[in-house]
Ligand code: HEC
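This document starts with one chain, in the form predicted alone, laid out as structure tokens.
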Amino acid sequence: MRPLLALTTSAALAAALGGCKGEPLDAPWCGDAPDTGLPPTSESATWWVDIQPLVEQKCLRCHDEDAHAPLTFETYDQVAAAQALVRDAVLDRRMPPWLAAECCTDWFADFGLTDAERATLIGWIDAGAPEGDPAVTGDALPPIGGVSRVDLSIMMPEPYTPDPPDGTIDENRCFLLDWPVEEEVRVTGMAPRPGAREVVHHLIVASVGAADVAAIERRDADDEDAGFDCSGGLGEFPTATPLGGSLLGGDYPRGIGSVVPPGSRILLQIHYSTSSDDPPADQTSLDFRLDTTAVDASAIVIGNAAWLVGEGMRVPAGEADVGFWYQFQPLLFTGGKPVDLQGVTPHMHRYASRMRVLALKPDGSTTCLLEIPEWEFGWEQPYWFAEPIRFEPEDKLYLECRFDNSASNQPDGQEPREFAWGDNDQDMCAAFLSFTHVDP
């Protein structure tokens, strides 16, 4: 399984041949449908009956005292004290950080709030956040997300302090971690635990085979600081097999797993983004769920190799809506056989505004695989389908990314400047479809 791969070299996209830019697909974005507003809600909601079960199900994975979110929401007093912040974040859909549009398809482990749940929470706050009677409680809801069990935890061998900000460039730093398991196992779930969440913007975790380990160890030893610079991404390491890339973590669905052979090492790539002149040291750890058997999955890389060259993905300064699109038939990945699509991971940077991934049928119909109406780089994650989606050999894939390079969308009030495909202070447009083969 390859749910996330950093595309920063042309080799990483060279396999995605067989299409051209052409014209954008003349099909509406489902998220552009008129907003009908929140549904009516009862004014009798209380913390103990209605709100606590919802918070425990969809918020505590990040907002308990041991997690990395800045606020803790374990008690009524904690949530009531932050009710104005909660209302604003829920109203504009910034929280929970589930970017995938509900109108596209159904999702596995969807921790976003439905419109009815948003209405209940906002209505409760607008009514004065009544606590209710602790003796009268609502039904407990099962928590969504997180790994169901932790079989192994490993940590960066030493802390690393990222550089203070210079106005444009963040850091991509790689760390080599020991893998102590002496038998072949499969990773079936993973949850990162950032040591300093305020500087860990996002991360990618991969296993590397013995053929790459010696070269990576030399790079690590040659750098006087912890880890080493890896702005070139994981495409530099031929045997790197990504295991995940979401800060939120969780189990993979339907018994899917990724093999980690004995003798492997774990390569952790962290994108550090700092805003303080005195950034904290980070020592991130990783929790794994392990099984001896699992359903092995592969990935289809969706993107245009031409975007990596010259002005192939040029975004002019000051433009508020610049689009790039690509469609192709992924026979190189599927071998011309039916496959079951299991999930999709988007990858864009800070100037991106929206993305969609569609399956195109020969009759002209489309199946929405992912639509993100409002992109937020800090919450990049895999989105697993609630049920596998069958993809036939004659079907095609379509990717569209939109970018906002206007003056209002610049970091730290900088002037807009032209950019193209690139790391950190530029942008990218790619997606990764996890799939499994269909038994004959």
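Numbering starts at 1 and runs along the sequence shown. Being a predicted model, the structure only gives us computed values, none of them experimental. So that the term is clear: the rigid core is the largest set of C-alpha atoms that superpose within 1.5 Å between two forms.
One more form of this protein exists, namely the form predicted in complex with heme C; it is left out here, but the text below deals with it.
Heme C is not shown here, and in the predicted complex it never comes within 4.5 Å of any heavy atom of residue 45. In the predicted complex, heme C sits beyond 4.5 Å of every heavy atom of residue 407. Residue contact check for residue 396: none of its heavy atoms lie within 4.5 Å of heme C in the predicted complex. Put simply, residue 101 is far from heme C in the predicted complex: not one heavy atom of it is within 4.5 Å. When you look in the predicted complex, the only residue of 326, 237, 175, 73 with a non-hydrogen atom within 4.5 Å of heme C is 73. Checked against heme C in the predicted complex, the residues 333, 160, 111, 107 give one hit for a heavy atom within 4.5 Å, which is 111. Exactly one of the stretches 127 to 135, 345 to 353, 83 to 91, 175 to 183 approaches heme C in the predicted complex with heavy atoms within 4.5 Å, and it is 83 to 91. Contacts of stretch 175 to 206 with heme C in the predicted complex, defined by any heavy atom lying within 4.5 Å, are made by 201 alone. Once you line up the core between the shown form and the other one, the Cα of residue 248 ends up 2 Å or more from where it was.
Core-superposed comparison between the shown form and the other one: the Cα of residue 354 travels less than 2 Å. The two forms, fitted on the rigid core, differ between the shown form and the other one by less than 2 Å at the CA of residue 108. Relative to the displayed conformation, the Cα-Cα distance from residue 405 to residue 273 grows by 3 Å or more in the predicted complex.
Pairwise change in the predicted complex: residue 200 and residue 404 C-alpha atoms lie farther apart than in the shown form, at least 3 Å.
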